[in-house]
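Here we start with a single chain on its own, the form predicted alone, put down as structure tokens.
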């Protein structure tokens, strides 16, 4: 009998602790800056594998923890890879010129919403969905030719958020996202076809952008695969401020109109303001 009473008492204490943790609401704004490596092979343009390290990786992140877990962030990265050494060539318009690197721009705009399914004081686990919006633009440097490429993806993902409070000052946060389906638009094979020329007929960048998106199609896991994972560590300075580091891994594979492979690894330094 005493054993059963002890079990019931422990259960009630755990539940009270969980309710207390759920009532602790907060908002936070994070600024992340980091060094990243990009590997990309886009068979629509070339079978070469482009890889480059870059310090131009910035992420602005907002988090809200209340009845629901919310996360929104904007991420920007710029990479300038080049195959081989720079070389000179003769331009019909400008005479002798030097080949320039490719220019890959990456912009991610994501919003996640989830509900806590586990909270025992140390661990907190939330499950929900994410709106993942990837806007990749490219200029490939092939000497006198610099074709423009685009890859726009708008996806609905399954989102998992896990938090672990190691001690009063130290905590870890992890996120994992996998797509349910996505709407993807990519450059045509060999960068130019009749539709591409028609999309650019107005010579208006905004209209062309809309035309590119119209040419996309809905794809499931069979035609488009992506995995986003990140792990953050935070050290609490005081009630308002945390500092930390974050590792981010993004895998993106697409098959239409030709195979596209992109692997992105970034290590960020983080500053976190809680309010």
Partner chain sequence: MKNLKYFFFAIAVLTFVSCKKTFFEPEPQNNPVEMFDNLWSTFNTDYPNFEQRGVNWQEQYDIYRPQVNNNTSDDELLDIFKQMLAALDDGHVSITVPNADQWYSNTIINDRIDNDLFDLELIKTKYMDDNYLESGYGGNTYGWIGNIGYYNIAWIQDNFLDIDDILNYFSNAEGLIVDMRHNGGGDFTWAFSEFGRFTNEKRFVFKSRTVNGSNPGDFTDWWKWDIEPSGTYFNKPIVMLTDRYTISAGERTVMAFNTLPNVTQMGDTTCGAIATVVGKVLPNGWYYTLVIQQTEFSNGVDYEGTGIPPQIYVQNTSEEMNNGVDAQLNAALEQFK
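Note that the coordinates shown come from a computational prediction; the quantities given were computed from them, not determined experimentally. Numbering follows the first chain given and starts at 1.
What comes next is about the form predicted in complex with the partner chain, which does not appear here.
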In the predicted bound form, the residue from 103, 120, 165, 192 that sits within 4.5 Å of the partner chain by heavy atoms: 192
Heavy atom within 4.5 Å of the partner chain in the predicted bound form - the one residue of 49, 56, 213, 237 that qualifies: 49
is_contact(residue 41, the partner chain) in the predicted bound form, heavy atom dist at most 4.5 Å: yes
The partner chain contact in the predicted bound form: residue 139, any heavy atom under 4.5 Å: no
4.5 angstroms heavy atom contact with the partner chain in the predicted bound form for residue 74: no
Partner proximity in the predicted bound form: residue 78 to the partner chain, non-hydrogen atom cutoff 4.5 Å: no
33, 131 and 205 each touching the partner chain in the predicted bound form (heavy atom, 4.5 Å): no
Residue stretch of 103-111, 195-203, 149-157, 179-187 approaching the partner chain in the predicted bound form, non-hydrogen atom distance within 4.5 Å: 195-203
Residues of stretch 253-274 in contact with the partner chain in the predicted bound form (4.5 Å, non-hydrogen atom): 253, 259, 261, 263, 265
